[in-house]
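As structure tokens, one chain now follows by itself in the form predicted alone.
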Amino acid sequence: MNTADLGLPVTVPSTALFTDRYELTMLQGALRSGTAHRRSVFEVFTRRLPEGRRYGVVAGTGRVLDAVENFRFDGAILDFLAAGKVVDDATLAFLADYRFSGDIWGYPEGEVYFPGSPVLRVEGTFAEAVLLETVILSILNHDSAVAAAASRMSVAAGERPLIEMGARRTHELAAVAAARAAFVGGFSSTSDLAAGFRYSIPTVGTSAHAFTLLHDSERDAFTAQVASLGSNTTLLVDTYDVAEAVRMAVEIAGPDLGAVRIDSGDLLLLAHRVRRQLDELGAKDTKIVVTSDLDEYAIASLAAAPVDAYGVGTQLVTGSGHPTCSMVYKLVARSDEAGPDAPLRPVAKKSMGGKASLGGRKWAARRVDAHGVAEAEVVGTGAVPEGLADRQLLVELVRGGTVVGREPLAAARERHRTALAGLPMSATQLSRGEPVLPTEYAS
């Protein structure tokens, strides 16, 4: 089965109502004023990274492409809008035929970004581009936040694998998106079967404490699990007494026991004790998996412990304290008349409180030093300097309404590894700091 052909992870009539009402009322006003078909350019960017973060991670691009393709106003949706008097009849007629026919460029998924980076650029008429604002921001803000947390956790884990297991800590649909974003950010597997089905992410999982408590004894539970799943399974050893559980686990499964999981207590101390005990019992190849409300700091604190893999839930799916990237979708250029070739002129919001925007259709490039290490994010509106022409970051995603930039999820995951490796070494420090690259603006 080609899961890329499945569309969304659940059956919905369309993505058209994943939006705010004012997108439609703006459309109605623009249709009445005769400005709806002016050529327009919208850009997605963030003014700042979450406090203390040194880089952001673009994630959700593939889901954005799915959402744009599925942005359709079918009969039921139009009836809903008409019944609620959300928009007038002329606007309903426009929506009935809506298909995005413009162009979208953006940072490829897995790439890193910084304040001011134009991570996505949407070009088309005002009418067709403005409607995509909410769904695009919903996807990019969520997925990029999770991917950034996943990236930091992956850095802290080093070569040890990470398991995404946060489905029970968030909305059921957000859980699927979070597993996908975590994979981009460096996680190797997920406990969520919907994510495995939709995105072909490896799935893992064996048993919880309930399975042990169901049986008359821990021995009965371990015996049943090994009989069902084989000696290579992972046995949960902290329901009662950890030392006794480890001894029993090796006795029942033999020295070929796959792994033991520790889900509570002093993980650093227990990991050392369990490793020593496993080795003494002859189970030298049995691995140790730790879980229990881990974040990047807890993972880093276990770097010297004999831990083989980490399972992360709550902190991952909530962005490790930063559940959104504060990305915005702003009109930065528009024409004075309709027509695909009408000249553009920059427009920008001017306001107090640091919420001003920079007008003009932008390009972005990453300047590197003599050693090939990134030293600045350069954003401009004029001609691209010759020295940066081959360092441009935006790629074509949609051309004339047709998706041209879809790629395997593994490509985004590998891109992130490459992008991270190209940043200064301080990018991977978990201590608080400023963005590792400055953003420079070129006219």
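Note that the structure is predicted; figures quoted are calculated from it, not measured. Just count from 1 along the sequence shown to find any residue number.
The next section is about a form of this same protein that is not shown, the form predicted in complex with a further copy of the same chain.
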With the cut-off set at 4.5 Å between non-hydrogen atoms, does E251 touch a further copy of the same chain in the predicted complex?
no
Is there a heavy atom of S33 no more than 4.5 Å from a heavy atom of a further copy of the same chain in the predicted complex?
yes
According to a 4.5 angstroms non-hydrogen atom cut-off, is E111 in contact with a further copy of the same chain in the predicted complex?
no
Tell me, yes or no, whether H142 is in contact with a further copy of the same chain in the predicted complex, where a contact means a heavy atom of each within 4.5 Å.
yes
Heavy atoms, 4.5 Å, a further copy of the same chain in the predicted complex: which of 364-372, 101-109, 234-242, 295-303 makes the cut? Say which one.
234-242
Here the chain is shown alone; which of A174, A283, A309, L92 has a heavy atom within 4.5 Å of a further copy of the same chain in the predicted complex?
A174
Using a 4.5 Å heavy atom cut-off, which residue among A348, L268, A338, A82 comes into contact with a further copy of the same chain in the predicted complex?
A348
Taking only heavy atoms into account, state which residues of 199-221 are within 4.5 Å of a further copy of the same chain in the predicted complex, ordered by sequence.
T203, V204, G205, T206, S207, A208, H209, A210, F211, L213, L214, H215, D216
